[in-house]
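Before any questions on binding or motion, here is one chain by itself as structure tokens, the form predicted alone.
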Amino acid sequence: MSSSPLSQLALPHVLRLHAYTPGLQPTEAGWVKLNTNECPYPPSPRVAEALRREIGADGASLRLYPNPKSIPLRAAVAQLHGLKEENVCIGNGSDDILNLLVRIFCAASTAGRPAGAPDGHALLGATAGWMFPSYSLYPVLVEIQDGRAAIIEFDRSMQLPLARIAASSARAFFLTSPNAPTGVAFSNADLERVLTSFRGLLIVDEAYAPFAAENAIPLLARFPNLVVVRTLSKAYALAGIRVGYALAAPELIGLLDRVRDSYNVNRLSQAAAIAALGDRDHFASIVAKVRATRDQQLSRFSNERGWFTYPSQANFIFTEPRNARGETGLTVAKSAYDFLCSRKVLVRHFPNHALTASFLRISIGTDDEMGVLQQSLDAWRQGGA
């Protein structure tokens, strides 16, 4: 074998790939962590109980593979949403589901029309589409596939450009609702208008839907070209467990099952998820507390501080800092971000695009954590930032 560096053996498009960058995860204590949209409250007590039962006294169950299709968990999800098991696919986090969908619908950029494909196959390109700004994992998944992207940009109004989405040549179009990073949600009426005209698959990524006033699940019965993707990381406080799922027509679920790993969700995650889904009171309590704190903070930023802040329906806020001189912009947002970091308060800043550079995304924490945040922002402004 040649002595060339191993990177020369890699596919060329992988060498051009930029990996997804998650929010900072500090290892030392003392941080107020408001940068990754994690739940500020613990999961249902039933989760720990379920994990202890699953492990058992000697851990012997861990020598066995998990249920390959997560059948009991599929049944629990189906019951929760009034669907059938054949409408559900379980993933190792919702990111796993998104990855599978890209595998299925986004071909490599050099791929041509398959031999023997029906004429209608040529109507759509070998692309995945999405709005910008939205979840920054989408381009990474498409780049891994060496695929092409059909990106439509929002303007500052964050109004959904229905006609442009409907006219997209993408085979699969990803729409985050509520949007990340702004928190703006899109109505079912607008989604229905898109679904009626769009020839491809509309994937509504509902990671934050439990905190919103509306969700797209009622549209599944009428639109087979709709997929709804959910996660247990946010409202169920199970980000460390990594469980998500897709809700869709049985034909689409069958395609997901063709390409997913045989044992993609481990035994402990399946047990924890079933327990969490079964505790509706705890779920409702978490959602109510996060919503109440979010709405209080929205008022604090918009009305008291006078900062432009999007009307979030998620578990975070996207706000445009204004310094003591009334200035906004990239430099101001970076100043606020750096000052908060110096006070061990973590938020997110997305400086690489004009639509996001002047804003901070702030996850909703406990009331005490939000108090620390607001006090730190007061100190930033008083410091002549």
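Values in this document were obtained by computation on a predicted structure and should not be read as measured data. Position 1 is the first residue in the sequence shown; the rest follow in order.
Just so it is clear, the following notes concern the form predicted together with another copy of the chain, a form of the same protein that is not shown.
The stretch that touches another copy of the chain in the predicted complex, counting heavy atoms within 4.5 Å, is 245-253, out of 296-304, 182-190, 210-218, 245-253. Shown alone here, N266 lies within 4.5 Å of another copy of the chain in the predicted complex, counting heavy atoms only. Within 4.5 Å of any heavy atom of another copy of the chain in the predicted complex lies no heavy atom of A235. Within this chain, Q382 is remote from the site of another copy of the chain in the predicted complex, having no heavy atom within 4.5 Å. Under a 4.5 angstroms non-hydrogen atom cutoff, another copy of the chain in the predicted complex has L201 among its neighbouring residues. Exactly one listed residue, out of L83, A150, I274, A107, brings a non-hydrogen atom to within 4.5 Å of another copy of the chain in the predicted complex: A107. The partner is absent here; in the predicted complex, the one residue of A292, A75, V259, A163 having a heavy atom within 4.5 Å of another copy of the chain is V259. Although another copy of the chain is not shown here, in the predicted complex the stretch 154-172 places heavy atoms of just one residue, R171, within 4.5 Å of it.
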